Each structure stands twice: as C-alpha cells, then as structure tokens.
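Shown here is one chain on its own, the form predicted alone, set out as structure tokens.
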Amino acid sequence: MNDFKNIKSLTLDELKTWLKSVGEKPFRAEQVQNWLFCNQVQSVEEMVNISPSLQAKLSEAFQIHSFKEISRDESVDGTIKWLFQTHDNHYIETVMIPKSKRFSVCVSTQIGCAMKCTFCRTAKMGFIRNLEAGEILEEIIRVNWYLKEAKILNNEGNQAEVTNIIFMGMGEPLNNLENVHRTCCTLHNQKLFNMGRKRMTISTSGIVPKIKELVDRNTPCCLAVSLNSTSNEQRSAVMPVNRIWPIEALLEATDEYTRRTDNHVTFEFVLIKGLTCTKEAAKELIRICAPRRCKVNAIALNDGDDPNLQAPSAEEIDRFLEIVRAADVQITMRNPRGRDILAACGQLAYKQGTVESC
C-alpha cells in the first residue's frame, strides 16, 4: 500500500477527528468540506479562510486530487467522455450526457468489473479495485470544472452544474456499496451538493443481498436493475450473476425495495436480436412488469466484443415496443449517446498499463 490519502473520502466526523489529532479546531472540518464540495477548489491555497499552517498540514497529509486527465473526447451528439489516470496508475472513464440544459454524469465505481456480462466491454477488463468515495466524487467535480471552464449556462442563465448522477459506468456499484453509500450521502447533504435522491440512480446487475442492504442503509438514491432477459436460461448466459441470484430472487428483492421505500424500480432491458427482442420476450416482460410498480428503460445492444450478439433491426424494436405498450407497461426506448466515442452503455473499457482507450 502507498501513503495516498484522499481527503474527499472522509466524512465530516472523520475529518474532525483528524483535525483534533493535529491540534486544530474541529469546526474547521465544515470549512474544509465547503471548499472541497461547494466551491470545488483546485488547490488548498484557494481556501482563503484557512490558516497557512493548516493549509500546510492538509497538503502534507492529503492529496486534494485523485486523477490526472489523460484525454477528453466529444461525440457528435454532445456526449463527452473523460479518461482519467488514478494515483496508482490505473485508468477509468467518466461520461457526461447533456440534454436540454441538464447534465447527467455516468460515473465509474470500480476499476474494471468482476461481473462478466457478455455484452459489456468493461467486463473484459476483469476487476482491479474499488474506487474510494473521494474518487467517485472527483469524477463529478471534474465535470463541473469543465462546465465552468467552458462557461456553459443552465436554463436560468446561471453557471451550469451536474444535475444527475448515474452509477452506471465501470464496475458494479453494489459490490462497492460502502463507498457508493458515502458518495450518495455527500451528494445529498444540503450543506454540500444538496442533490435530491431522485437525481441519483444506482444501477446493479442484480446483487440481491446488496439491494436489501441498500434499503437498510437508507442510501439516498433511486434503484435501477439490469434485467436484460426474461428467462433464467437466457439471463444466465449473458449475465453470470443470474446463476447465483436468479430472476425470482431478484424480483423478490426489488419487491421488498418497493415496499420499504415506496419508490418504483427501473428495469434496464438490453434488446438483443433473437434473444431479448422477440414476441415471446415481450410477453414475458409484460408478465414480470405488469403487476409491479416499475418502469422499463429499453436500449438496443451497443457494439461490443461478442460477435454472437447483435442489435435488432428498427422494425424488430418497434414490434417489441408495440406489444409491451399495448399491455400498459411503461417502457421508454433510450436513444444511445456517445456511440462514436465508445461512451455508450457497455462500451467503457481501456487497455491496462497504457493510455490508449480501447
């Protein structure tokens, strides 16, 4: 282990404890966090109401930045993808999706992923490590820096900021629940980011015990589940997690989530030619969704590394949607964003040990 310490990962109480340990007043913790998360400063020296001696202690004990920006690519549709190098020389990608003066950020929560979903390029990387809460928060802060530098305005004519967070980048968020929970709590804190829970969505491949833990922790967020198939046989073939927690167990967990939180669940459904975009799959999706408080986000398969999986035609998609909508199941067809820069769902990946994005 190296001695890297990320100050953005500390809770307010942890920061107070550290301040006491170096002979400083605990109330300084709120000032420091205000500079980090409200003003989103780029250096300790910008914390003008912090004494030079405390600035020096902070600089000696912590790193204020986790990442080095390696590249920034912009899609023809306005989507932007960043490649960041971490302090321990790994790489992650972060995506911003602008729409009608809203700025959603798809954040990574792990370096790589262990879930092995066949349609996802991140899965080919394998799992390397979890991101700290401070690293996830820095993804968001870095996007805000860009919006400020580019002088982008919101609908009110004020400086634009990130409006929505989607935990759907590299990694399985619920396999890093401690740091994801810390991130959501910091974002939800009225004194810091003041982001409503409905503006944060955690997407999971279906880690059943962690869905229940998410409820127990009262993590401020919405829940999205990558369903992606209506039969255990098909889902296990493309999502190995289903071999451990099959659809029945997954639905039981989402039903409990709905009962205990009074929130609906979003089912993400990748349309794959001949597998999940068929008349039979549409009827099974209706069977699953009709009795539940849920909505479905459908998306056509994005180009990946498995030649056996193909996107359906526009006609096949239309027929699928027509069947589902006829049963009054709420389903939205999501337009892919950032495909030309490999920033769409399932396309985030990198070549480990290089700065070349896959």
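Residue positions are given as counts along the sequence shown, with the first one as 1. Just so we're clear, the structure is a prediction, and the values are computed from it rather than from any experiment.
One more form of this protein, predicted in complex with a small molecule, exists but is not displayed; see below.
Among residues of the shown chain, residue 168 is one whose heavy atoms approach the small molecule to within 4.5 Å in the predicted complex. Interface membership of residue 146, defined by any non-hydrogen atom within 4.5 Å of the small molecule in the predicted complex, is ruled out. When the small molecule is considered in the predicted complex, residue 226 lines it closely, a heavy atom lying within 4.5 Å. Contact annotation: residue 299 falls within 4.5 Å of the small molecule in the predicted complex, judged by heavy atom distances. Exactly one of the stretches 244 to 252, 177 to 185, 88 to 96, 262 to 270 approaches the small molecule in the predicted complex with heavy atoms within 4.5 Å, and it is 262 to 270. For the candidate spot formed by 36, 66 and 135, no residue has a non-hydrogen atom within 4.5 angstroms of the small molecule in the predicted complex. Between the options 127, 119, 82, 257, the residue in contact with the small molecule in the predicted complex by a heavy atom within 4.5 angstroms is 119.
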